[in-house]
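This document opens with one chain alone, in structure tokens, the form predicted alone.
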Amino acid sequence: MASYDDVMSLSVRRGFLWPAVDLYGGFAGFYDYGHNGVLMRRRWEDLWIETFLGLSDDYHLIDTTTILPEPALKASGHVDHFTDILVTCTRCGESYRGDQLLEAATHEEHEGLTPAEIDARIRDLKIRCPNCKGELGPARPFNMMFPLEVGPTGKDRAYLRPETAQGVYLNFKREFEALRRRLPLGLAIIGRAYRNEISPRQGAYRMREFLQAELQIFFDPATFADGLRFDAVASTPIRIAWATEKNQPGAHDIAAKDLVARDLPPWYVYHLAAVQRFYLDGLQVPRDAFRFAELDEKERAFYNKIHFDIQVKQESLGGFKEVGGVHYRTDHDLKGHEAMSHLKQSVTFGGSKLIPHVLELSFGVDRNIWTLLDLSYSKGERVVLRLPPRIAPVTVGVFPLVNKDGLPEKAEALHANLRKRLTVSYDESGSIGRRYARMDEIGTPFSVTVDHETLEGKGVTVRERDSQKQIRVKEADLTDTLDRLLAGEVTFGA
């Protein structure tokens, strides 16, 4: 079982992720990535792009500004509705999120409550300030956006974007025209978003500056399902926890076709299956550690008609935690921008004129990176990150068995050749056991050792991270063997 301290200690020690600005005591809610963390994150992003843009030739990656003027966020509803419930101690002045205070006391989620309901439950549970045990003041809404003053006089009010999605909606009409007026149309962004969290906590799980990977799919609800091969996923069991069951530990396996029978649109369920496949097959998340958790009308965001969180069980964070979501936003966003800008957002497609609806696949990149660190962390006689080979920051370690007899020179030449195609680390410091241990701790799936038999033309030793088994591979066959192992085309030692 991985504790939070175990995972964070390894993360800091091996260059994955750590609190920002620790030279000056830290900066709450902000984190920096080290050299291995950046590589791992980019591996995840590459797999995400390959998976979700691969769903259709009409899905594309774009990038947009991170600063938005107030009218755009007024139209989206964020200026008026993007709030959490703030509770402040009357004695020490410390501030908290109301739902987090309740969750800490009851170990259950309390999303979607009004300030009055938060106050009532705080009284019923006799909750005091966690910092000084003082009395807590009345709950009130708190807007989480970071305001900015743009220009030399600051008269143009703006905000750091609270989500990447609005940049997509603002560019929809231009992309629709540039991409030859087709629906469905998917536009994706991987980029930074900013939320002024009341009380950031649990490391990378709740941050004030964070990375999102989002795909916005614009479609005609009358025809969207027609272009999808739902029959290919109809019998697929989907891991579901209904709204009334989210505080329980498990989930149901419900066939996709049975979810449609329960009035979920087939196009929505089709994309649930695609997201589940990304986690179970692509990221190799254990099936019992994954689920979709339904949010009811009170809990879900104001713009969502259907909302399931993507949750993964993480021991370091105490159970199932949200890492993304699948949201049916209807035509809310484009209608809002049409009303505020006075520019039509309707399009003509297939003989019909409509404002497209939107299905959003949203993922917290930092949360997913922490999730993989948590799930892959193993501590026994040795510490190992059992990362999927596709996600590991370093693919192969290359070592000379000893630092003499021409072995370092041979290993360096082999390293130079392998790094043309793979991310490779060369290490000749310390014993071979210590070098293996360093690779294990950053999740490197395979290590190659050059020994005296290599100089005799008898190949190199390839070691597999998880089993610690070793095989002998001819030098001429090494690159092809590693490629096939990394692709999962062959089993190690087979």
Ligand code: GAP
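Residue positions are given as counts along the sequence shown, with the first one as 1. What you are looking at is a predicted structure, and each value in this text was computed from that prediction instead of being measured.
There is also a form predicted together with the named molecule; it is not shown, and the following applies to it.
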item	value
Contact of residue 206 with the named molecule in the model of the complex (heavy atom, 4.5 Å)	yes
Contact test in the model of the complex: residue 103 vs the named molecule, heavy atoms, 4.5 Å	no
Contact test in the model of the complex: residue 186 vs the named molecule, heavy atoms, 4.5 Å	no
Contact flag, residue 98 vs the named molecule in the model of the complex, heavy atom cut 4.5 Å	no
The named molecule in the model of the complex: contacting segment from 189-197, 392-400, 351-359, 130-138, heavy atom within 4.5 Å	189-197
Partner-contacting position among 337, 291, 327, 271 - heavy atom within 4.5 Å of the named molecule in the model of the complex	327
Option touching the named molecule, based on a heavy atom within 4.5 Å in the model of the complex, out of 320, 363, 267, 377	363
Any residue of 211-225 that, in the model of the complex, places a heavy atom within 4.5 Å of the named molecule	212, 214
